[in-house]
Ligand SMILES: Nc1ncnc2c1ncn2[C@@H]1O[C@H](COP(=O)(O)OP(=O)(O)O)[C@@H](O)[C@H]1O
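In structure tokens, one chain follows: the form predicted on its own.
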Amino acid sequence: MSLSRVTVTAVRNLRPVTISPSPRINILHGANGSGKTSLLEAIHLLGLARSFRSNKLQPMIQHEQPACTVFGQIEQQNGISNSLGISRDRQGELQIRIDGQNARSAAQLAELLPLQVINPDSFRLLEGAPKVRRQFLDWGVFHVEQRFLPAWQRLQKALRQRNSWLRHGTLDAASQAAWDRELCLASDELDSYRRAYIQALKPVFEQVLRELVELDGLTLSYYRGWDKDRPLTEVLASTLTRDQQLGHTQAGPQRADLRLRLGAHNAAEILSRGQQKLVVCALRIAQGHLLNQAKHGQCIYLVDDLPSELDEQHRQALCRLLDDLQCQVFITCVDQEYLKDGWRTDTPVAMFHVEHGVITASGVNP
């Protein structure tokens, strides 16, 4: 699966542009501030209806323009083509179109256009709050387990009902018991999907990591969000008074986390910036391998400023791993010389020069 055409209008400093990227490697080179990252951001908007640079979409809209739009043409491995379009205006209205029809939710975009982002903020996967790691985990489960989304939606509905009752006490005893039961059933189902995914992810992650860097003693583990030795029903009963005081449910899969440790320490506290970047890259590349196994297709990688904080040896190793995925990759860099020779001789590589928001094709190899 790959994007065969991308059209971007009124996104940040980019001039209106249509590009026909390579189905494999695409290198965007140019000075800082030229608009390279903005193109990655536009593709991210197309796949997830949001930016990876900010929680707010309005700053993406070019100054004095009423809306920004992105269109894309996807070529599936089975020969089927899909057209995607997304538009966001200054009033906050978001319109999503798939094959000419209005889409019901951004989940439909994510299903058609799986995206992985590796950028300077990737360190947050190790250093940030558990929510960041849950999002990473759930991205993977969503793409390999069809039953995940309905279970996740059931959980969210049950949590909203229980938290409302904790704050306002508006449910009778029978209703409270029913929602607690629904919460526990959805939680157990969701936990089973996450647990199975981590079991599959760990050996792939360890293998990919070994090809990037030697980190003896690094371990990846999963915390489900409540005591591993007690059922959630028992935990909820024991924490009810505290939950009422706080006004929300403390235990459950909404508190799940991934834990990366180096020996007895949190890995983020021990690893250098370069090592952290390699660990995050290994996690995201491992996810790509699992997606390929589940769907016989590839996700698209958006890699912003790949050369930063990596020496030549590690840059070459990372390029080789991305090449092995046989997927479409968009990479930004200031100097194309750092990346143009990191691929197999038969891998299609397209080069795009970005200057003052203008994107021009600057070469294809082979």
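On a predicted model such as this, the values are computed, not experimentally measured, just so you know. So that there is no doubt, residue numbering starts at 1 and follows the sequence shown.
What comes next is about the form predicted in complex with this ligand, which is not displayed.
Engineer: Which one of these stretches, 55-63, 335-343, 42-50, 318-326, sits within 4.5 Å of this ligand in the predicted complex when only heavy atoms are counted?
Structural biologist: Stretch 55-63 is the one.
Engineer: Report yes if any heavy atom of Q313 sits within 4.5 Å of a heavy atom of this ligand in the predicted complex; otherwise report no.
Structural biologist: No, Q313 sits far enough from this ligand in the predicted complex that none of its heavy atoms falls within 4.5 Å.
Engineer: Look up in the predicted complex whether R12 has a non-hydrogen atom within 4.5 angstroms of this ligand, and give yes or no.
Structural biologist: Yes, R12 is a contact residue.
Engineer: When the contact criterion is heavy atoms within 4.5 Å, does S34 count as touching this ligand in the predicted complex?
Structural biologist: Output for S34 is yes: heavy atoms within 4.5 Å of this ligand.
Engineer: Quick one: does Q298 come within 4.5 Å of this ligand in the predicted complex, counting heavy atoms only?
Structural biologist: No, Q298 is distant from the partner.
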